[in-house]
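Quick heads-up: it's one chain on its own, the form predicted alone, in structure tokens.
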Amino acid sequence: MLEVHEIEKTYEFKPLLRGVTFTLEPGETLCLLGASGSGKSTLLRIIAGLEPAESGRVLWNGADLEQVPAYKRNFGLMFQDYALFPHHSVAENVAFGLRMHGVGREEIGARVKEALRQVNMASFADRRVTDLSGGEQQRVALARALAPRPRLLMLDEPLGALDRSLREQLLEELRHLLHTTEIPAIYVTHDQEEAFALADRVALLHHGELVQIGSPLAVYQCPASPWAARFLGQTNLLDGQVVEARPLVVNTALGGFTAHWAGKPADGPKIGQKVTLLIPKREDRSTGANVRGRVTDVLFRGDGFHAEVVTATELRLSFWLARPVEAGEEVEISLQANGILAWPQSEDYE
């Protein structure tokens, strides 16, 4: 439905978006995931028609939107600050966009009721938004975005101001709503947990480039680069050198490991090549190589233990264990046999 082709944008004479290309399928939720300053919100504004790209195209069902103003695109947009009118009631806030589009009074009333019902806020129609909690205001802002029945819904970090428990609750509600209405959506966030909980596909942006796109499971299990691995919380990276190419065997300060090549085929692996290795965090005691070290810190997280381990070579690693351990304890961690990845050492870490 939506096609984004080679979008370029600069800010203060520096590249902000660099040839971003992706598509969005009917009913799909795509999460744009990246650090602050990676270009996520700017890309959303370009798709919405709120600012122009310097080159590239945005198409809807094959039609170029360059000459279509934002108010005619029928794309719903919701920001983190909600932008509600404090002197209006809940229903008046939801109706605002409909009035701007010239919708008749009876139709406005029906759509407002429908939108508030979709977000479980029907009984709040006559309340002032200043009397609502943060989560309730978020629902009103979402209802306002839904009321015009947009053909695309875009959400820019809408849950960023909420506490963790409320954010998790609203994520579940939002996922259910998107699947029920089958509205295609683009969701911008810097939080991988939000992206993985909501997305059908995740698109990773780094310094304005789309470095990886795929299902949450595929992106997490096989990150495209050391930067992608670190950004997704997989911090067990170490340097090594290829000693065998097929199968790939890498020698490191912790010994030799059999790994899977995650870089481009043309970039290796070659015997003698310096590489970056990713050691998986989750222990698999049934198979694989081992890492020995001393536990320096351990946190209980409900369904397991997050342990910080320092090796004899002073390398600090993090592991997720199903078994209890204690600080100061010497441990041997069994690794997933197929979970070790390797990239050329020149790949971007930061």
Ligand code: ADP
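Predicted model only: the values in this text are computed from it and were never measured. Numbers for residues come from their place in the sequence shown, where the first is 1.
Here the subject shifts to the form predicted together with the named molecule, a form of this protein not shown in this document.
Student: Using a 4.5 Å heavy atom cut-off, state whether F22 contacts the named molecule in the predicted bound form.
Tutor: No, F22 sits far enough from the named molecule in the predicted bound form that none of its heavy atoms falls within 4.5 Å.
Student: My question is simply whether A35 lines the interface with the named molecule in the predicted bound form - judged by any non-hydrogen atom within 4.5 Å.
Tutor: Contact check for A35: yes, within 4.5 Å of the named molecule in the predicted bound form.
Student: According to a 4.5 angstroms non-hydrogen atom cut-off, is T29 in contact with the named molecule in the predicted bound form?
Tutor: No, T29 is distant from the partner.
Student: T311 versus the named molecule, in the predicted bound form: is there a non-hydrogen atom within 4.5 Å?
Tutor: No, no contact at 4.5 Å.
Student: Within 4.5 Å, heavy atoms only, one stretch in 297-305, 35-43, 277-285, 315-323 touches the named molecule in the predicted bound form. Which?
Tutor: Looking at the partner contacts, the answer comes out as 35-43.
Student: Sequence order please: the residues of 13-30 with a heavy atom within 4.5 Å of the named molecule in the predicted bound form.
Tutor: Residue within 4.5 Å: L16, and no other.
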